[in-house]
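Below you will find one chain, with nothing else, as structure tokens; this is the form predicted alone, and questions on how it binds or moves follow later.
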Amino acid sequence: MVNSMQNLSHKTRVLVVDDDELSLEMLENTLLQGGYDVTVAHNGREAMEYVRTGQFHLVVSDWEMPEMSGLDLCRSIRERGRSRYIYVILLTSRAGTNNVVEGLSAGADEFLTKPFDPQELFVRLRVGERILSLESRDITIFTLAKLAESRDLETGTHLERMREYCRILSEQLAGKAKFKHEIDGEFIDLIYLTSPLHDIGKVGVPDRVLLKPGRLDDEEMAIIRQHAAIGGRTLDAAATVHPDADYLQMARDIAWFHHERFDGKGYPKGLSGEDIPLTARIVALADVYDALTMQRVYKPAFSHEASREIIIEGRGTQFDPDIVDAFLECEDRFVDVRQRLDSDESATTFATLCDEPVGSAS
């Protein structure tokens, strides 16, 4: 068990707090054998000094301590209101509902009964690691999306609409027998999170091309179309280093393939049909719908009805027929999102820069 936990923990840093030297040494040795990077504190006040460094997000603390108890330590941690969450496990010999309520109210996340079982401690720490990794995931996605936005002339509302459209389509497809084994709640959550990264590759396109106000020549067109491969390769490198991070794999597929067409005439690889990842096929329709329905300097906003007809015309050529059908079944929800998040955007769109037909989004 220790060896398996050692492989999983990747030297996660843990702050251990106990005023009893024997208990502290036992905890430290157990965690070191489990592959954790351990720092010890002998009381709550010392522990708070470590917490203030911002280096610790997993804390294992005894409940009963002089000067500052485990409960007081929990309260102090929560009162700080840090942007990054700190996961706290309390060690206690206390039992009963009242003590559990008191501990949870103070801000503890888990309890472990003394004397502790090493395997149970490792399991509780893994729960904390998973929760903290979710927070890190969301921060990473948001940061990358804002990075892409900083290179684009469009407003961030585009990203908000995109993820709403993708969630709506995914929820609609989830009710179909064909997709019930592929689309579940996790899929829907992840496409909502990762779809804003569809144009992350724009960070690799030179300003002279990306921000050019006029028509692009053939060479510039070739350069700007590289954004899909740039984004895909960048996220693929991250996904290779972190193979268990499903969100990176989904983000990679979206960035790389959202300009592929169902008939194989898209880019960058010319994939066709169901060889195109489902996530990218969903994002492709959502992206085009948003480009059509929003006002730009070169055109007024197309009505929903006009945009709907263009998408229907692309059924089986530009778009997956199943996704077009799903769109038609939930189009009222698209209209609701557009009305709720509509803004007076007047920036030049990526579609204009590419001089593509109006039904082609970035």
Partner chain sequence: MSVEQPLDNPAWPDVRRLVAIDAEGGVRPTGISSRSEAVVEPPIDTEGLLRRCMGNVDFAARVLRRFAGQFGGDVDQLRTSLNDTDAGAVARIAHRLKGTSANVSAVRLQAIAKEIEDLAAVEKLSQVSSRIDELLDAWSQLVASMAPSEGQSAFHQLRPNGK
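Numbering follows the first chain given and starts at 1. Just so it is clear, the model here is predicted, and its values are computed rather than measured. The term rigid core refers to the most C-alpha atoms you can superpose between the two forms while keeping them within 1.5 Å.
Beyond the structure shown, there is the form predicted in complex with its partner chain, which is absent from this document and is the topic of what follows.
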| property | result |
| --- | --- |
| 4.5 angstroms heavy atom contact with its partner chain in the predicted complex for residue 25 | yes |
| Partner contact for residue 214 in the predicted complex: its partner chain, 4.5 angstroms, heavy atom | no |
| Interface membership of residue 117, its partner chain in the predicted complex, 4.5 Å heavy atom rule | yes |
| Contact flag, residue 122 vs its partner chain in the predicted complex, heavy atom cut 4.5 Å | yes |
| Which of 28-36, 304-312, 318-326, 48-56 lines the interface with its partner chain in the predicted complex (heavy atom within 4.5 Å) | 28-36 |
| Among the candidates 98, 240, 105, 93, the residue which, in the predicted complex, approaches its partner chain to within 4.5 Å (heavy atoms) | 93 |
| Stretch 55-70: residues contacting its partner chain in the predicted complex, 4.5 Å heavy atom cut-off | 64 |
| CA of residue 117, rigid core aligned, shift of 2 Å or more between this form and the one not shown | yes |
| Core-aligned CA displacement of residue 26 at least 2 Å between this form and the one not shown | yes |
